[in-house]
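What follows is one chain in structure tokens, specifically the form predicted alone.
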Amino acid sequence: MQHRIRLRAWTLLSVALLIAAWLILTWGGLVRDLFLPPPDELWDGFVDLATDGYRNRTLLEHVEASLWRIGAGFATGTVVGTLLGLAMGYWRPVEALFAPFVEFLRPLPQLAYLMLLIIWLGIGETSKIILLFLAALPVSAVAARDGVRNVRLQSILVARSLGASEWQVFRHVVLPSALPEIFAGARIAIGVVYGTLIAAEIIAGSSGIGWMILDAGRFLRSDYVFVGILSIGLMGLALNGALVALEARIVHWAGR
């Protein structure tokens, strides 16, 4: 308990030092407002975006647009990728069939085929969601496949010796053992999807946090840019925290 308190104290200290440096640099006149807005200007920018909005959309509407794209792309890509990875890890013929495509997509920069998706599907939501789907799928597939491969062979043999069918072995031995790596892959995938979304909105968007940051930067509205960056960071922390909480609830026995 005392160890946790000390760790939290160090975390609070680092945050306090960062805020103190921000106040000294801005209110002390060491950095121009254009490069780093002071707290009062940042707050005014936040209030302006929250009430009047930016380009006919409030800050909340831009956040909702980004979260909708993340949810659609991440959910579909993670589910399909996880199912595919489980099949690849458990059945070698499935791996032989799909591994070349997964391994081809995994190192490929997502923005490399964004323009191709725009040509095929237009500049609307479909191209962005499919881009995020393709970003999440290989990461989730590889994590699930490796999770299956790391299951102890002894556990599988014991289950079979007790008369378990292949489906029972997969459901009660393989899948639970692979869950920690599946969740680790999901957390990596959400980061990849998140970064890809912001870049996609900057290149081919008319709404969303990424687009708002780019457009505000063109008019040197650094307060809006920083509000957008902080919104992105807080959204990322919330999404990662949700996955960690879900993992702790479902895989509560991991590491014990």
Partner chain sequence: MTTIDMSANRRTLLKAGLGLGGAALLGTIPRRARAAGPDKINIAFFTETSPSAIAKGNGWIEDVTKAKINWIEVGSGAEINTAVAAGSVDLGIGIGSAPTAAGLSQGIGYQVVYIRDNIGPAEELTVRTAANIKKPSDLIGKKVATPFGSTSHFRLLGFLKTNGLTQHQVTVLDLRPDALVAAWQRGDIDAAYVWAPAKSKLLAAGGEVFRTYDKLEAAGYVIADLIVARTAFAQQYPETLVEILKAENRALDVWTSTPDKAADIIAKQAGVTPEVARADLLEYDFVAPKRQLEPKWLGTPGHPGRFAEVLQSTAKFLAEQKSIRSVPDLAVFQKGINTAPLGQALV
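All values derive from a computational prediction rather than experimental measurement. Positions refer to the first chain, counted from 1.
Separately, the form predicted together with the partner chain exists; it is not shown, and the next lines address it.
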(message) Just to be sure I understand the contacts: of Ile118, Ala72, Ala184, Ala99, which is the one whose heavy atoms reach within 4.5 angstroms of the partner chain in the predicted bound form?
(response) Ile118
(request) Sort through Leu230, Leu30, Leu60, Leu34 and report the residue having a heavy atom within 4.5 Å of the partner chain in the predicted bound form. (result) Leu34
(message) For a quick test of understanding: in the predicted bound form, does each of Glu41, Ile123 and Ile202 have a heavy atom within 4.5 Å of the partner chain?
(response) yes
(message) Please identify, from 184-192, 44-52, 22-30, 63-71, the stretch that has a heavy atom within 4.5 Å of the partner chain in the predicted bound form.
(response) 44-52
(message) Going through 215-244, which residues have a heavy atom within 4.5 Å of the partner chain in the predicted bound form? Please give them in sequence order.
(response) Asp215, Gly217, Arg218, Phe219, Leu220, Arg221, Asp223, Tyr224
